[in-house]
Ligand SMILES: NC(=O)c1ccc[n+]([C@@H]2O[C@H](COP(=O)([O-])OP(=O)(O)OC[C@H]3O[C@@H](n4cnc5c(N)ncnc54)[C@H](O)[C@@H]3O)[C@@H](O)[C@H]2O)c1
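Just the one chain here, the form predicted alone, laid out as structure tokens.
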């Protein structure tokens, strides 16, 4: 925080498990003061607010009138992102929007338009960009350590570790299943790591294990990137426990990405270790890294608001993830590869 400037007044909308994490991060950041928690289940909002000495509300208008925040985190079911952000923008609040950005690309554009028209900061909460190991990996790739990337793979297969909220499994509220909830991280972090967008996808999904109605519990896709790199993603939510790598890993299972280049390879076992193999050098492993992704994301959001600059993860990045995921759904529907920019032309702003 700039000396002499008061902390930004922060509110969290949505008192689910992600909202609780956001509330704790604001409360711990010296540049913020958590003043409110909003949830239509006001008892849940009150329980979350009481932890940090904030006030509880059942609606955005009541929160705006009662606590006058400067910034908000929106942590509600995906289909509610658009109406909630519209309320926030009308009230002049800067927004940190949890992933996935919205249930459709059209909603992403409407969210972006509303915040732009109001002159407000909009950041999308893609926390994997704040993993310290991935930042190191990206710096290595950008510096040419592995040469030109040629192949990538990202796997996110995890075992049952507790029930997700019911809305996760309702397409009307979530926009989809595992592709929306977890693959949106994978498509974003792969493209970010090699600094090249995904331009074509060919995918399939399944409901074969959990027997879900309307949303997938797993999916695979072949990916083509603008720079010629090829790759794949694999997401899966098991109905049974899987082995945990370490206590620091919140979702036991196989959670790892690989990036292979002309002169080296990088492997990240998510929340656990980064393995770096470069030509002419011994293998190196980075482990024991602080798990502070969300606090660092919150700090970036607050800094962007305070400095009046675009955040490091904005609407364009959030929209692209949704466009790629929705293109995978379309690829399954028509049974052939889909060009992302043909299905979802980039918005001109």
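If you're wondering where the values come from, they're calculated on a predicted model, not measured in any experiment. Positions refer to the first chain, counted from 1.
If you look for the form predicted together with this ligand, you will not find it shown, but the lines that follow are about it.
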Quiz item: With the partner left out of view, is residue 76 within 4.5 angstroms of this ligand in the model of the complex by any non-hydrogen atom?
Solution: yes
Exercise. Answer for residue 98 alone: is it within 4.5 Å of this ligand in the model of the complex, judged on heavy atom distances?
Key: yes
Quiz item: Just to confirm, residue 81 within 4.5 Å of this ligand in the model of the complex by heavy atoms?
Solution: yes
Quiz item: Heavy atom to heavy atom, is residue 147 within 4.5 Å of this ligand in the model of the complex?
Solution: no
Quiz item: Pick from 272-280, 259-267, 119-127, 212-220: which stretch has a heavy atom within 4.5 Å of this ligand in the model of the complex?
Solution: 119-127
Practice problem: Taking 4.5 Å between heavy atoms as the contact cutoff, choose which of 296, 319, 44, 55 touches this ligand in the model of the complex. | Solution: 44
Quiz prompt | Residues of 281-313 having any heavy atom within 4.5 Å of this ligand in the model of the complex, listed in sequence order | solution = none
